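Quick setup: one chain, the form predicted on its own, written in structure tokens, and binding and motion questions come after.
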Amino acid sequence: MENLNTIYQSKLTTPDEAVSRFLHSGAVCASDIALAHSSTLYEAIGRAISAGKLDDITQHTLLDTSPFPFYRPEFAGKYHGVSWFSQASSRKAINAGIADVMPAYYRDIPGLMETYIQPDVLIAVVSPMDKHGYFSTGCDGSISAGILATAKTILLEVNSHMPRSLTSPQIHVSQVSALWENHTPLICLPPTKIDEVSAKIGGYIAEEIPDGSTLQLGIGAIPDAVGIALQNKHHLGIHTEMFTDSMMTLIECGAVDNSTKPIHTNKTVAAFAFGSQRMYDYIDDNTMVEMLPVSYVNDPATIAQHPNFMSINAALEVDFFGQVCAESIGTRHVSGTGGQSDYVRGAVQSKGGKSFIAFASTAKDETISRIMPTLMPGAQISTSKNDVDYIVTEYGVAKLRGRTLSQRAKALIAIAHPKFREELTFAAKKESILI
């Protein structure tokens, strides 16, 4: 261990020194999702660019957690942000023409990184070095392996609050170009406020989920409401891209034991985790939680191996055909495809499986129906009409898979907000959809 500590100390530096020594103009950098982002290094790169020491730096991100410099107007044209799945800051920058967006399925990102992007630099936040000289990427098992396949420079921020996941990518100190310590609390998601609409939707979905099912829950009030409504179920399993506090609660109350899963039996499987520090602490050195590559976790063939697989995701709007938009408002960028369509496909291929796309029936204080005759012009289709299964609002559940266009329209109108049903019926008749 003494030799490993010597190597560690020889690579210990500051973010500004790491940038000065190991970054060059034109470098392509990439980070994994959510907690993998090192704001200390990003800011150091911004300072170097402002000082005229660097130029033309590209940073690839997913689920960015703050307004990093590559999403600020003053760095436009010098520090390029590319978002693969957006939060508020990247969304704003993309719609302002400051940053770019990469269309992709989440499961394809590791391969796209390795084959097309080929980043020079991996930037990551990791747990402290273990006695064998390895750093764990902790809550992020998703795409790091794809970045590591080509990155010649590895820059690590060591944070004692990052859990040591036993299955996330491990990076040996001998591979590291530079590291620095920043033991600040990890970014945590605030507790979700579950409103009456979300609770009602969660209850509808929970009624459709039998004991022994395996779950994928998305992010937000509706998936959390589903989690609450499932606490009286038995022998549930978890196989999901994002591990959340609601899932941890299901484990703690005994509803989830992963005992019926045919693969990774008794284990919770996820590609990354994002939530509370309590949840991060739960992951630390926990042999029963596996953070695995998203190329495997989100593969529909992997998902479909679980009988009674239940997938719950959200949307912005759906049309009479069953086309689901979850990533734009017209041409305005909101997010990304993520894993929605993969979980829809995997769930419907699972024996007894179901996929639910759930959302409140209206937007903007009940002035806009989210169920539309056709999607808004320019809307990006996240889940196709051929893959969609169940649509759920606070007014009920519409089964679309195996239904004709006319049957779909009738089922969707029945779960639309009552104030829009006459208008939607008129539109369906006008287009000769209702038979």
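All residue numbers refer to positions in the sequence shown, first residue = 1. Please read these numbers as outputs of a predicted model, since none were measured by experiment.
The protein also exists as the form predicted in complex with a small molecule; that form is not presented, and the subsequent description refers to it.
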The small molecule in the predicted complex: contacted by all of 219, 315 and 335, heavy atom 4.5 Å:
yes
Heavy atoms within 4.5 Å of the small molecule in the predicted complex: which of the stretches 263-271, 315-323, 185-193, 159-167 has them?
315-323
Would residue 244 sit within 4.5 Å of the small molecule in the predicted complex, counting heavy atoms only?
no
Contact between residue 85 and the small molecule in the predicted complex at 4.5 Å, heavy atoms?
yes
Given that the small molecule is not shown alongside this chain, does residue 136 nevertheless sit within 4.5 Å of it in the predicted complex, heavy atom to heavy atom?
no
Is residue 127 one of the residues lying within 4.5 Å of the small molecule in the predicted complex, judged by heavy atom distances?
no
Which residue among 149, 329, 253, 288 has a heavy atom within 4.5 angstroms of the small molecule in the predicted complex?
329
Please pick, from 131, 364, 278, 351, the one residue with any non-hydrogen atom lying within 4.5 angstroms of the small molecule in the predicted complex.
364
